[in-house]
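Quick setup: one chain, the form predicted alone, written in structure tokens, and binding and motion questions come after.
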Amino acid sequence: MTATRGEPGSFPFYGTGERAPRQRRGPLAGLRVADFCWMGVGSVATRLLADFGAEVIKIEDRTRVDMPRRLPLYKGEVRNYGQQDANADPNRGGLFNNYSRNKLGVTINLRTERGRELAERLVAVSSVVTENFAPGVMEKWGFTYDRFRELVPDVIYARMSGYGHSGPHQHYRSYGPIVQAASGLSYVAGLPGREPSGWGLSYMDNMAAYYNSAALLMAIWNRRRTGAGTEIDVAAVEVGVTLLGPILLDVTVNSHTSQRPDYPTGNRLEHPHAAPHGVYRCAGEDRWVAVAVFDDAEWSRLVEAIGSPDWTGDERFATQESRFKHQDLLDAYLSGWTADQDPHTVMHLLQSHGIRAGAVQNPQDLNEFDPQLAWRGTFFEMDHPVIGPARFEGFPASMSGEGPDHWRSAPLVGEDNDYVFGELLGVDEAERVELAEQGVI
């Protein structure tokens, strides 16, 4: 189904309610992925492949369901991290449903010999294998790049972990906030004059996932060009380091230290000098607007937009360099003007004068009121047999050619066992029943 542009609060709906596997559409149609990934760093990467037509077959263990199935985040439900509620329906997991749309799902107990044999048979009919277990887990099961090459000579094997699969820390366990700390990101995040704060959210899970996606797409392209497979080893900590470029340069080239009274810089920008440049309180509870001014011409337009109050004529604000030196005073004055303004009103006013400004939007703003996101169909809905219509964030680009193929919400536990084991691998019904009774699938 093709999405249509809508009003704020309305969402395109994809899918017809059909659950049976079908021929996929999109630029990656015909690509089959044996997907051992579970958390965001891997699952978001393979979701991109699934969105664009790849047949991604997610491998789970029925006796130890994936962590995202245990973190529903659905209509107020709360469970302790890492703990499985015996009475909870694993098909209600909101995080899992977000990570696993457009994928197929099978269950294999990889702690059994027959389960590992079945997984190898699945790999043998695939051309890409992905995993993001802690280093050593796949090796414990005998799943190595050399073994997969015996099954599929031109296989692409993508491995995704916190520290990578080589070096003195390769066996360290990781998680998004740990990666952010180890990569140096947490140290440089926060407000001036206060201790670094970092993020509670697993931000780097998603950032590393996008690098994983890029590496996979490059390997797929290279195989089409040369016929050669690839082993990919993405380390999330290294992805975090790539986001530190300007700060690393400031330390190494300018001999600055990040341990100084005005560091971290918070919302202020040092290079180039910009002022006002920050987030300013507005009317209402926890409402803010971001404003950025880079030169004297923009400053003149800002002054005109806000009605030329007396303080804008202060000689300390006459040039960009002087405004930069007196940011505290400038921010206090601008905050006094924004304090009784609606953030969206300020945004529209300043934008109409050519000033970069944006309301600091909360989830409700994004989800229900933003006309730009509604116009572009950023959020869309798909039906789910257990939780009903579920909302997702889409691919952040419009394409004139073949775009995403949103055909089905996330698989139920073991939903595609018959199709994958029966049709793809040729396991007859009697053997499938036996494997289920033995706890292999």
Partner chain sequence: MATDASAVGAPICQGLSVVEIAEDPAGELTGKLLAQYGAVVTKVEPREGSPTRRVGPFADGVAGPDSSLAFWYYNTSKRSFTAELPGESEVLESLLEEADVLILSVSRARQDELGIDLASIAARHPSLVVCAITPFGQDGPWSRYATSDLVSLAAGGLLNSCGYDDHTIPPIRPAENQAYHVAASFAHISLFLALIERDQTGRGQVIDVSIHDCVAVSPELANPYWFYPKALVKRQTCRHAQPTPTQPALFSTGDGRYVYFALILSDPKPWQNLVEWMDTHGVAADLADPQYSQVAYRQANFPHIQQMIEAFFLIQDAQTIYHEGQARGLPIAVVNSPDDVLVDEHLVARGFFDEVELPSGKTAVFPGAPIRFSAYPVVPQASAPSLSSPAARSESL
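What you are looking at is a predicted structure, and each value in this text was computed from that prediction instead of being measured. Positions refer to the first chain, counted from 1.
We do not show the form predicted together with its partner chain, though everything after this point is about it.
- Checked against its partner chain in the model of the complex, the residues Q320, Q361, Q327, T312 give one hit for a heavy atom within 4.5 Å, which is Q361.
- The contact residue chosen from V137, A228, A339, V125 relative to its partner chain in the model of the complex is A228, the criterion being a non-hydrogen atom within 4.5 angstroms.
- Of the heavy atoms in K103, none are within 4.5 Å of its partner chain in the model of the complex.
- In the model of the complex, its partner chain stays beyond 4.5 Å of every heavy atom belonging to V386.
- Although the partner is absent here, T130 is not a contact residue: none of its heavy atoms lies within 4.5 angstroms of its partner chain in the model of the complex.
- Shown alone here, N97 lies within 4.5 Å of its partner chain in the model of the complex, counting heavy atoms only.
- Shown here without its partner, the chain carries I57, N109 and L118, none of which come within 4.5 Å of its partner chain in the model of the complex through any heavy atom.
- Along 229 to 265, residues G229, T230, E231, I232, D233, V234, A235, V237, E238, V239, V241, T242, L243, L244, G245, P246, I247, L248, L249, D250, V251, T252, V253, N254, T257, S258, Q259, Y263 each place a heavy atom within 4.5 Å of its partner chain in the model of the complex.
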